[in-house]
Structure formats: C-alpha cells, structure tokens
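Okay, here we've got a single chain as structure tokens, the form predicted on its own, with questions on binding and movement later.
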C-alpha cells in the first residue's frame, strides 16, 4: 500500500469511530433536557431519576467523543498537508467558529450542569443542559458546512498566484444548498440514534424490573424513546429524500454509483439487492422496484438518471483545467461501486429496521405491559446499534461516493495527501491510532455497561420536591 491508501484508511477508521459518539451526544443531550424540563413541570421524581441516569451515560460518551475528535484536526497537518494548504482559507473558517463558539458553549454549560446540581436553581440548571444541546447543534452546523463545501464548493475564488482556494463569501459557504439539506438530515438521524439508545437501555431494565416502582421508572423512558425514534425516522426519510435529489444535482456520479447504474435510463429502477458483478457486465439476479431510482434522483418516477459511462465521459471533458494540473490527476472519476452500492442499502435498511423495532416496542408496552422473553432481549441489544450503524454507513457512502475527489471538481484525493509522507510514517500513525482507539473502545464499553447495570438509582431523601427559583437542588451529581 502506498502512503495515500494508508492515509485514507487512517482517516476512515478515525472518522467513523469518532462519529459513533456524535449522534448519541446530540440525541441524548436533547432527551436529557426534555426529561429535566418534564421533571420541573410535573415534580415527578421518575423524570429526575431518568435525567441523572442518562446524564451519566451522556457524560461518558461526551468525554470519549472529545478525545477522539481532537485527532481529526491533527490529521490535516500530519497526512493531508496539501489539502490543508489548498482549502485552508475556506475550510478553516467554519471549523474555527465551531471551536470558538459551539464547543465553548457546550463545554461551559456542561460544566455548570455537572457541578451545579447543588448550586443552581432547578430552572437555571435545566437551562444549562438546553444550552449544551444548542451547542451541539451549532457544532454540527459548522462542521457540516465545511464538509458540504467539499461536496459542492461555493463562495470561493481560485488564486493562481498562491495555488489556493480563497473564500470570498462566508454566507454562501454557510448557506450552501448541500448544507441546508444535510444539516436537518444529520440532526434528525442523531435524534433517532439517541432515542434508540434510550429505548434499548430502558427496555432492558423494564424486562429485568422486579417491582412496580422500577417498572414505573423505565416504562416512560421506553415509550418516549420509541415515539422519538419513529418521529425522527419520519423526518430522516423525508429529509433524506430531499437530500438525494440535491446530491443528484451536484454529484450525479454518486447517485449512479449508489445503484451501480452504468447506462443512462429513463425511467430507472432501484434494486433492493443484486447478485452478480457490479461492473455492469453480469447480473444473475436482482429484486427491483420500478421507477424508484428515478423518483429518488429527480422526484418523478419517469425521470432520467445518468449512468456511470456517460458521466465518466462528461467528467473527462470537463475537469482538469481549473484549478490547474497541480491539483488534477487523470482517472475514470468512478468511486468503488460495490462499496457505494451496499453502504447505501445498509444505511436505509438499518434505519428502517430501527424504526420497525421501535414500533414493536410501542405495541409491546401498550396498556402498562412489561414484555418479557428472548425477543425483548434481542431488541434491547439491537436497538442502540441499528440507527448508529445506519449513520456510519451513510457517512461512508457520502465520502466514498465523492471519490476520486477530496473537493469535488477541484482537488483529487491523490493530490491532497502530504507529499513528504512516507509509507513507514503512514503505517506507524495508522497502527498507533488504531491501537489507542481500541483501548478507548474498551474503556467506553466498560464504563457504559457498568453504569447501565446500576440503573436509575433512587434519590437521596433530602431532594427538594418543589422547583422554586430560590432553592438549588440539594445534592451533588
């Protein structure tokens, strides 16, 4: 393997690993804020117990997520210095705002929330976790703005003297049409993931509950988690549909690769799965939905969808002139078809499966029922992972489908890697980071399992039942 391939593997491993924590952080912060506000409104201590229980799990996830996120920034200098030099003026701006505004907002108010249980009034304390969630949304927006620019560069001018893309319209970068559809899709998927995590954990405890008191604590978490999964899933499906049409407009090759569509078709069918080769030569068996790919790409079941061969010829004529040969290398402009094909289907399939299990959980817990049996255990184990893995496969599809471009139409991935990076250095970096991330995974799983088993602990007897502004919560976190 050459340094470029190793650097790509490293970025893929560390990025997918880091993003396992991101949707849970966004989703859990919203749910915890909802639980604490519900406690303030109802004075029902069940909601306070759930707030503190899932708050501990949130803090574990947040801490590991911060550690793994730091590596992301270092990689730009270690392995992708040419990329950093070319896009730094554009890419750096939203990332700087994310660090200076969003992360400081998150960390400041998270600290107040952690240490303010016995120092802040209940309403002010609840406002802190609300602001933490707002911070996660700001963070997501600015990071996604940077990524959306890689998918569809806007608001820049190429400077031939410096060989760099220079930003000339920050508003255009923030309001990129790819960004405007990506942000709601990612946030809704995060809500779905966080809710599935809550649902899975609460359902596991509901199955094990031996007293009415315990069942009364976990059943509301199961019901709210299930409803949130279903509502968020509906939003994910709608926003994903809109996003697919924008994707086809700005990166038609990605949609063609998602289907393995080599020849232009009108209408174009969508294969649920396919056996054979994905080089367009041999297809032994497939299950197709007529006109669905046309609808996903164009909004009409009879729309034309360009094939890989036609797009390849078009790209060969279009690209390679701007910003110049220094950032262009010839190729067929085709991503890895089997990977884009299956990650697209795994993204959708796992998301649908998560929604289906949530619907089953609602049905199984109707009329104060507490389901038992192996099916419940299987659901509790699967629920946290279904939307989480759907998120991961969605991002793999998004990034792999853009290849061979690091910045679509401007810079290929081959030209983005650090020119002085050697194979030995790349291997040392990859193996070291993978080992560290493996250790962090063990720490994360062990901490989560330890605190999940403890459950929503009973509150100490001196917890105040009123929510007056003049009284802090008389117990520490």
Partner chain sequence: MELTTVWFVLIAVLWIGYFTLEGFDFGVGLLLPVLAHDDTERRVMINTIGPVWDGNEVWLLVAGGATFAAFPEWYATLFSGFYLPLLLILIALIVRGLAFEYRAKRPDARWKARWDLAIIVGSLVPSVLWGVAFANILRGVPIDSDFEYAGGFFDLLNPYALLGGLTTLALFVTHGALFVALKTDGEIRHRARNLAVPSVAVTAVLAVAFLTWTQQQTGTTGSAVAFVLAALALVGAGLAARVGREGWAFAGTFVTIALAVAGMFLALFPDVMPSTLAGGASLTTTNAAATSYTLKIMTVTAVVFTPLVLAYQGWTYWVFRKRIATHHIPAAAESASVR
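Positions refer to the first chain, counted from 1. Remember, predicted model here, so these are calculated numbers, not experimental data.
This next part talks about the form predicted in complex with its partner chain, which is not shown.
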Check your understanding: Which of these residues, 88, 384, 252, 267, gets a heavy atom within 4.5 Å of its partner chain in the predicted bound form?
Key -> 88
Study note, to complete from the structure: Assert contact residue (its partner chain, in the predicted bound form, non-hydrogen atom within 4.5 Å, options 170, 363, 237, 227) equals 170
Check your understanding: Quick one: does residue 79 come within 4.5 Å of its partner chain in the predicted bound form, counting heavy atoms only?
Key -> yes
Review point. With the cut-off set at 4.5 Å between non-hydrogen atoms, does residue 119 touch its partner chain in the predicted bound form?
Key: yes
Check your understanding: Can any non-hydrogen atom of residue 166 be found within 4.5 angstroms of its partner chain in the predicted bound form?
Key -> yes
Exercise for review: Would you check, heavy atoms only and a 4.5 Å threshold, whether residue 99 touches its partner chain in the predicted bound form?
Suggested key: yes
Exercise for review: Flag this candidate site as yes only if 63, 104 and 429 all have a heavy atom within 4.5 Å of its partner chain in the predicted bound form; otherwise mark no.
Suggested key: yes
Study note, to complete from the structure: Answer among 79-87, 348-356, 392-400, 185-193 for heavy atoms within 4.5 Å of its partner chain in the predicted bound form: the stretch 79-87
